[in-house]
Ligand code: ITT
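As a starting point, one isolated chain is supplied in structure tokens, in the form predicted on its own.
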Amino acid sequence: MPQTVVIATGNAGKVSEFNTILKDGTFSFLVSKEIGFYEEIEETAKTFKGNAEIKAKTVFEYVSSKQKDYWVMADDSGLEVEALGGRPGVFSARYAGENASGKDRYTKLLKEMEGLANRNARFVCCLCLIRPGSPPEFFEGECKGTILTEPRGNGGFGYDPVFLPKGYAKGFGEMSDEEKNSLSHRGRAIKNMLEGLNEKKN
């Protein structure tokens, strides 16, 4: 029987990535609303780790109240741009306003970066996993690259169309899901999580 994991997100793009990367049948995924959790969680921490923990703990408390033996996983991730002092960072999703689209966000970013020679950036992801009877566990991943001067491709979501990973000719927006997941920040964080869980088994 696969282990049921509740992902503390309503972001369809994230859920799709988790499902694509973890497709070996070890886990089955539910998003928080599928267990009846519709609350908007305020991400008040100043770090990705802090926000991931807030989300995971909030949903885990709800899961526990329903006496379900589910694991809960939350991630907080974002884009850090060197020339902008690390912005948008933890505000990546809210960079262009609360209900802005991915296009709104990367359009604002490109506008802010007009004329800047330093285009270095990195995507960062911190996963928080909570299992019944265990303290929160954290797993991180990053992908370094540069910000393009204009969007390329129709794939991915969020800032993907303007991000070129280091050492690659294709941007995230031009890659297949498989290509992107093999080197993305979220893909690497999930890989680190699986390695950590396997080490604890052995």
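Here the structure is a predicted model, which is why all the values come from computation and not from measurement. Don't overthink the numbering: it's just position in the shown sequence, from 1.
The form predicted in complex with ligand ITT exists for this protein as well; it is not shown, and the discussion that follows is about that form.
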Check for me whether ligand ITT, as it appears in the predicted complex, comes within 4.5 angstroms of all of T9, K14 and F123 - heavy atoms only. yes
Partner proximity in the predicted complex: E137 to ligand ITT, non-hydrogen atom cutoff 4.5 Å: no
Should G145 be counted as a contact of ligand ITT in the predicted complex, where contact means heavy atoms within 4.5 Å? no
E43: heavy atom within 4.5 Å of ligand ITT in the predicted complex? yes
Under a 4.5 Å heavy atom criterion, is F37 part of the interface with ligand ITT in the predicted complex? no
Using a 4.5 Å cut-off on heavy atoms, what residues in 51-78 are near ligand ITT in the predicted complex? K55, D75, D76, S77, G78
